[in-house]
Structure formats: C-alpha cells, structure tokens
Ligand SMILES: NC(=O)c1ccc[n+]([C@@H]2O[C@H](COP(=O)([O-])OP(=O)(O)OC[C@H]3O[C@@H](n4cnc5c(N)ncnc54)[C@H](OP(=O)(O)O)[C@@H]3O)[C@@H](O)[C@H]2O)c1
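Take a look at this single chain, the form predicted alone, given in structure tokens.
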Amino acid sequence: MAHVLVSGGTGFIGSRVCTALHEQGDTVHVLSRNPTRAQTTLKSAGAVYGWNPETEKLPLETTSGVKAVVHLAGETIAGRWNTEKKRRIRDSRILSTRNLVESLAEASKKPAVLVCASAIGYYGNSGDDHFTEVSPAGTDFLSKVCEEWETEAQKAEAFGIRVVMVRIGLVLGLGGGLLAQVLPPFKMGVGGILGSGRQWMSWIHIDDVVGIVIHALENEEIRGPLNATAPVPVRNVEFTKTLGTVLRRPTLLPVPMFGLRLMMGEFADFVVLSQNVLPEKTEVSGYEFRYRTLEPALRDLL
C-alpha cells in the first residue's frame, strides 16, 4: 500500500485515477482549488488540501510520507481560443508543474516517482506519417506548451525522483473528453466528418489512460515519455462511421473547415490536426491495452 498525492483529482481523468488507486489499497490525498467540493465528490480521497497551482507552492504537510505524485491539473483546451484562454492553458500546466516540483525539492523525504500528464499535442501534425515516444516536438502553440510542461516536470529528476510524462491522446469516456464534445450532434443525427475526414485520430479508452498512469507508478524501470494512445488509431472518417454505427445514427452531414472556424476560432485547427501516435514504448514496457480497437471501446461506453 502506497501513499499517493494527486493533483486534478476531481477532473475527468483524475477522479478515476483516485478511485482505481483507492480500490487497490493505496492511500490517496488530493490537491484541489476547491477542497470543499473535492471532499464532497471524491469518496476515494483521504485528506484534501487546497492549492492554487499557478501561484502557490504546496502546503508543507502535503508531501509528508508521500511515495508517489500524480500531477493531472490543467485548463481544458476545449473551447474558443483567444489570448486569455491560451494564457490559462499554458499557465495551468507550466506554472503549476514548476510550483509542484519546487515544493518536492524542498521536501525532507522526497517521493520516489512523479507521473505528470502531458499530451500528444507535443508532436504537432503527423500528416500521413506517425509518431512514437522518440519523435521530436512540433512547433505549434500546443507543441510548445507540452514541451515546456515536460521540461518543468523533468527537473524533479535532479532531486532523485523518477519522472514519467504520460502523453495522453483523445480520451473516450462518459462525462468528459472527446465524447462530451461529439455525442450531442451525433445523437441528434447530425454528426459527420470534420474537414476532409482524412486526419488521423489517436484515441484511447479512459480505462486505459488510468491503467497506464498506474503502470507508470508501479514499474520502476519506466522513465520519460509514455504515449497513452490506443495501438490502432483511425482516420476521422472511420471514427465518424464507427460512432454512427454504434449509436445507430446517420453520419451524412460533413462539417467543413470554414464552419469549424466560425464555431471554434483557432481551436478548429487543433480539432482537425492529423496525429497518428503509436504507444511503442508503452507496449514495450509491458502495458496490455484493454481496448486496442475503436468499435469495442465505443460499445463498452455507449
């Protein structure tokens, strides 16, 4: 049984990570902007500590006896991007990770491992090529954010802490992630391909995201980036047809780029980004995916 400290524990992924850790017998303490809400909603949490991640270091008592840290806090990238939204996306990741690592550096007894969320946005546009964990960072806004984010996390290595960055793909789960964005129009029968439909989508079932986080915590030989993406990515046109089949809804109405840009602004360019990201290192490390292909994953959820 381990003592694990989790940031972002009330989020879409974090709440499930906390539950899984609790169910396997770990003591889970949570960092939250809203500790009252977290204490109420997270039955799997022990102590809950208030923390403003962009402006504060951790309260001293939070690191006492901690064996592992899972850092999942961050502003959602969904929504219309403007200067303020992009600032929140960047600061919520980079400043929070900097404050977290500096706090761990000051702890009298440091945790053995830090598992920090990252994203496949690190790689940028793959076109028809593919990326693995050894591929370089891209050059767009999200790529630069992810690169800086990971740089801050890796500074914990200097203090003897093993660091793993989990580069998370398009997460499929109920109550958040990709399906929260796409299910309403599909259920109304007006879902369709986005843009050309040829862009690659590197999806992953929420259960496998949680599984990879725990796998990274428990396997001492794992360091550096791990791709949290299913082994079989699909093009948008295949994703659209498969989702329509599972929901028994038509998928006849394509959404052209000019329509996406009207609705989403700059975020539309990310929505149609082609990312064929393979979890090569993740599989080599011994992780066995529960959902390797799309249709079984969607059928399990829907």
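Please read all numbers here as calculations on a predicted model, not as lab measurements. Residue numbers here begin at 1 and follow the sequence given.
If you look for the form predicted together with this ligand, you will not find it shown, but the lines that follow are about it.
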Given that the partner is absent here, state which listed stretch (217 to 225, 98 to 106, 127 to 135, 165 to 173) has heavy atoms within 4.5 Å of this ligand in the predicted complex.
165 to 173
Which residue, S196, Q181, T76, T151, is the contact with this ligand in the predicted complex, using a 4.5 Å heavy atom cutoff?
T76
If we define contact as a non-hydrogen atom of the residue within 4.5 angstroms of the partner, is S92 a contact of this ligand in the predicted complex?
yes
Using a 4.5 angstroms cut-off on non-hydrogen atoms, would A119 count as touching this ligand in the predicted complex?
yes
Decide whether G14 counts as a contact residue for this ligand in the predicted complex under a heavy atom distance cut-off of 4.5 Å.
yes
When the contact criterion is heavy atoms within 4.5 Å, does E266 count as touching this ligand in the predicted complex?
no
Where, within 279 to 302, is there a heavy atom within 4.5 Å of this ligand in the predicted complex? Residue list please.
none
